[in-house]
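Take a look at this one chain, the form predicted alone, written out in structure tokens.
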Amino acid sequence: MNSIMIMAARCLRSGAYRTAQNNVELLSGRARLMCSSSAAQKTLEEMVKKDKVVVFIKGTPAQPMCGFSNAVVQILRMHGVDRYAAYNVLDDQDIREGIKTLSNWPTIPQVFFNGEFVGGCDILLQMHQSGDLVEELQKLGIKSALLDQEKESK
């Protein structure tokens, strides 16, 4: 029942709610709100566009709760990317499942640049190793800290 109340509160806050059958649908004697999936997808689309860099991870950047999420945080940190939106998918099952649907990618973490899905940990690591991440960050107007380190070593 608690999850129904949480979902109902989310729907009400977002304004994305509807009731069924003439505004009343009873389930076990209680009114049930039904949130439209298109509204949830729209909310996720807004979330991925919120910042230049957006990550969906298990835990927080300060305390990642899995090795793959930690690797994403560490890669961004190495490049000096300290301003990005991070969403803890462990706090919200709807976000966890919804982002997988939006990106058509089955695993967490997920990384987005300018609202575009980049990939997960493996893709970000590959981009870091090949140098492509430096170029992609430059396209976002972010200068990689690795460029400064490279100049200092010369």
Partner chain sequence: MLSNALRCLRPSTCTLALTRQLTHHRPHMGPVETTIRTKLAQALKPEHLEVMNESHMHAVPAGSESHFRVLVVSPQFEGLSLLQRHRLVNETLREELSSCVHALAIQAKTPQQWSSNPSLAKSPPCMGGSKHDNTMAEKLKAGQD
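Just so you know, these numbers come straight off a predicted model, no measurement behind them. Positions refer to the first chain, counted from 1.
What comes next is about the form predicted together with its partner chain, which does not appear here.
No residue of the trio 54, 131 and 135 has any heavy atom within 4.5 Å of its partner chain in the predicted bound form.
Taking the partner from the other structure, its partner chain in the predicted bound form has no heavy atom within 4.5 Å of any heavy atom of residue 43. In the predicted bound form, at least one heavy atom of residue 58 sits within 4.5 Å of a heavy atom of its partner chain.
The closest heavy atom approach of residue 119 to its partner chain in the predicted bound form falls within 4.5 Å. Although the partner is absent from this view, residue 38 stays clear of its partner chain in the predicted bound form, with no non-hydrogen atom inside 4.5 angstroms. In the predicted bound form, no residue of 129-147 lies within 4.5 Å of its partner chain by any heavy atom.
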